[in-house]
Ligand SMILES: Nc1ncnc2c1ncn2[C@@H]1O[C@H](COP(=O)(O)OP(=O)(O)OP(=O)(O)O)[C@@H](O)[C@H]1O
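Form predicted on its own, single chain, as structure tokens, below.
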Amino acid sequence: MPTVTSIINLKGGVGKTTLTIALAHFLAIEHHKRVLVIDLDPQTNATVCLIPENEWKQRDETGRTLYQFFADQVKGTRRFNVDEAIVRDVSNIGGGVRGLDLLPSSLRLIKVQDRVTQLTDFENYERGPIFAMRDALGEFLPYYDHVLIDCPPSLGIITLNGLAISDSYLIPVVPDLLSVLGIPPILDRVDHFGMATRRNIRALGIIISKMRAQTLLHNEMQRRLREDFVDRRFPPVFQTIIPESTRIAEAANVLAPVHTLQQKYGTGGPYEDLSELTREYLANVAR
């Protein structure tokens, strides 16, 4: 079975999708892993970072995105086909990276998530389609070495579907007050969900992203995050820090013709940081 990791933060703009996509690329190319990215975020950012927008729209219109999957849970239909929905060998690197696949999201998830929520018991998790994704993906997951789930900035039913198949989760944060305030609710909800469903979902760690080393606030918040781990309040903080970088942001353009990771993320700083982050991720999941 693969290592399945959810990437979660309750605040947008913390680099969650950027880190998901980067980890997927480095795992597939540098470490020769078979990787599936599951885009659970209705913003669809991970999806349009891996396939062109026109392809995504065509898939969405023909029921081959996760909108159809969750719509089936509400309507009692069975239109969604996992095998047809998974997009194989995605990315703009070399026209597609072998072994890097995507289960795409949809903007229409926003419309259906409230209806799915109404079906769900959030206290004991005994009612509602909480394990629907686990059941649907059961025969496909063993094909992969790693599954990375880009979760929406909430702890609702869609995120719980991701956690229901996850071994662990990562929390990307910008080292500022608002980003860090979202950590305790995530830890509490995942712990509650894990205990109620008898799942051990490990907090793999916190990743500091979009770091501006020249600012006093970012340096102070980084110090506090590491001290909170020492005091056993927070999960461990990854040693690798991802700085704020225009080049990393530009790497989201799936239409740019590139042939290597270095061309996509830039030689030197950004490439080296993300490569080291991936090695640290692999070391942590192996513990």
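If you're wondering where the values come from, they're calculated on a predicted model, not measured in any experiment. For every residue, the number given is its place in the sequence shown, counted from 1.
FYI, the form predicted in complex with the named molecule isn't displayed, but the following is about it.
- Partner contacts here mean any heavy atom within 4.5 Å of the named molecule in the model of the complex, and among 257-265, 43-51, 219-227, 28-36 they occur only in 43-51.
- Proximity of S245 to the named molecule in the model of the complex falls within the 4.5 Å heavy atom cutoff.
- Proximity of G269 to the named molecule in the model of the complex falls outside the 4.5 Å heavy atom cutoff.
- A residue is said to contact a partner when one of its heavy atoms sits within 4.5 Å of a partner heavy atom; V14 meets this definition for the named molecule in the model of the complex.
- At a distance threshold of 4.5 angstroms between non-hydrogen atoms, P153 is in contact with the named molecule in the model of the complex.
- If you take 203-226 and check each residue for a heavy atom within 4.5 Å of the named molecule in the model of the complex, you get just K210.
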